[in-house]
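Presented below, as structure tokens, is a lone chain in the form predicted alone.
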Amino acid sequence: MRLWRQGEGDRSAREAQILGWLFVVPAVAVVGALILYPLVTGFKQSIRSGGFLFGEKPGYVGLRNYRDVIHDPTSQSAMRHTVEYVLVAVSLEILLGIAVAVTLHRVFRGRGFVLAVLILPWALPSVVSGVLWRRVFDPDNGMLNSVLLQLHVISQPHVWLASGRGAIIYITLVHVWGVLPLISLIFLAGLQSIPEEVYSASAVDGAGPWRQFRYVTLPLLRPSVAIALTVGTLLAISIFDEIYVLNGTALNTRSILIQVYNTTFVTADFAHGTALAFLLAAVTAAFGAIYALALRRATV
């Protein structure tokens, strides 16, 4: 009887496993087809010549397209701009995110309303945010110029997105405005996971608010910092909507993703466009792997 029951149990386990595979395999096949097929097709395009549009005979060119986009001055400028976007955006998001989370971690009147208002920029699509901020930076009748003129800070309307470094800063601030709520919520969740007993014990040992923040809060927030860095960096690397809505494909603010769009769809150079897209994907994957490793070490 015992052997019979054991056999029945093994058969039930095998049937459950087979049933699970029957449910999983179609989904895996669909996802694989939607992801792997475009990847393989895109990579094949990136190692072929531009084609008849450029007077070339289509054929295999190896890594020439990758070398071309790496040495292209316009692509190099877009790479530098993207690095600037990432550095400024991630720095502001981490610093401001921790400050906002520490403020909202305290219970006060109207805290729920403040949280609702905080989430609003994140809930808006980035295109909508770009349109709203374009009205702010408009050189003719924008709100920023109007306010500064009335305050006599400037004597004539200023074209805010005409300069190089300044335009990148302004667009980055728009990007941070949309991403900061998410980063703040990540830190707020991390703060709420810290036991109050830790603060009570540190207070007994004579630690003040600043020492508690430095030696208790920040070390225990390392997993949240790793997650925030991952999210902020990946979103900053892929910045597109804010730049395109505010300044189009202008060279002074062009990011890598804008360069991919311009190369692929504006100039119809699909070979170099896909090569640049694969380079961007490789860099993004590298950052993701680094942050995943950092998160794993932070949680061990």
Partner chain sequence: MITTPGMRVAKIVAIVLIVVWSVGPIVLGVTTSISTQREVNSIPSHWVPRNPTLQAYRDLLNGSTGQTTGGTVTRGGDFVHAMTNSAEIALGAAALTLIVSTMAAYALGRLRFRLSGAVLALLIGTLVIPIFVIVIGLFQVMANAQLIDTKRGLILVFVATQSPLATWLLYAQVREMPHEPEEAALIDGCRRWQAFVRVVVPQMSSGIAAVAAIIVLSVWGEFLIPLLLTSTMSAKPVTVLITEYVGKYTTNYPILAAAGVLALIPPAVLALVLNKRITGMLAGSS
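Residue numbers count along the first chain shown, from 1. What you see is a predicted model, and the numbers here were worked out from it, not measured in a lab. Here, rigid core means the biggest group of C-alpha atoms that superpose within 1.5 Å across both forms.
Not on display, but discussed next: the form predicted together with its partner chain.
Identify, from the list 94, 216, 132, 169, the residue with a heavy atom within 4.5 Å of its partner chain in the predicted complex.
Checked against the cut-off, the match is 132.
Work out which of 83, 148, 119, 191 lies within 4.5 Å of its partner chain in the predicted complex, going by heavy atoms.
Only one option qualifies, and that one is 119.
State yes or no: in the predicted complex, is some non-hydrogen atom of residue 138 no more than 4.5 angstroms from a non-hydrogen atom of its partner chain?
Yes - in the predicted complex, heavy atoms of residue 138 and its partner chain come within 4.5 Å of each other.
Its partner chain contact at residue 195 in the predicted complex, heavy atom, 4.5 Å
Heavy-atom contact with its partner chain at 4.5 Å: absent for residue 195.
Is residue 103 close to its partner chain in the predicted complex, meaning a heavy atom pair under 4.5 Å apart or at it?
Judged by the heavy-atom cut-off of 4.5 Å, residue 103 is in contact with its partner chain in the predicted complex.
I'd like to check something about residue 90: if you look in the predicted complex, is any of its heavy atoms closer than or equal to 4.5 Å to a heavy atom of its partner chain?
Output for residue 90 is no: heavy atoms all beyond 4.5 Å of its partner chain.
Looking at its partner chain in the predicted complex, do all three of 173, 212 and 257 come within 4.5 Å of it through at least one heavy atom?
Yes.
Scan 267 to 283 and note down the residues that get a heavy atom within 4.5 Å of its partner chain in the predicted complex; none is a fine answer too.
Residues within 4.5 Å: 270, 273, 274, 277, 278, 280, 281.
On a rigid core superposition, would residue 24 pass a 2 Å threshold for CA movement between the shown form and the other one?
Yes, the C-alpha moves 2 Å or more.
Aligned on the rigid core, do the two forms place the Cα of residue 34 2 Å or more apart, comparing between the shown form and the other one?
Comparing forms between the shown form and the other one, the residue 34 CA shifts at least 2 Å.
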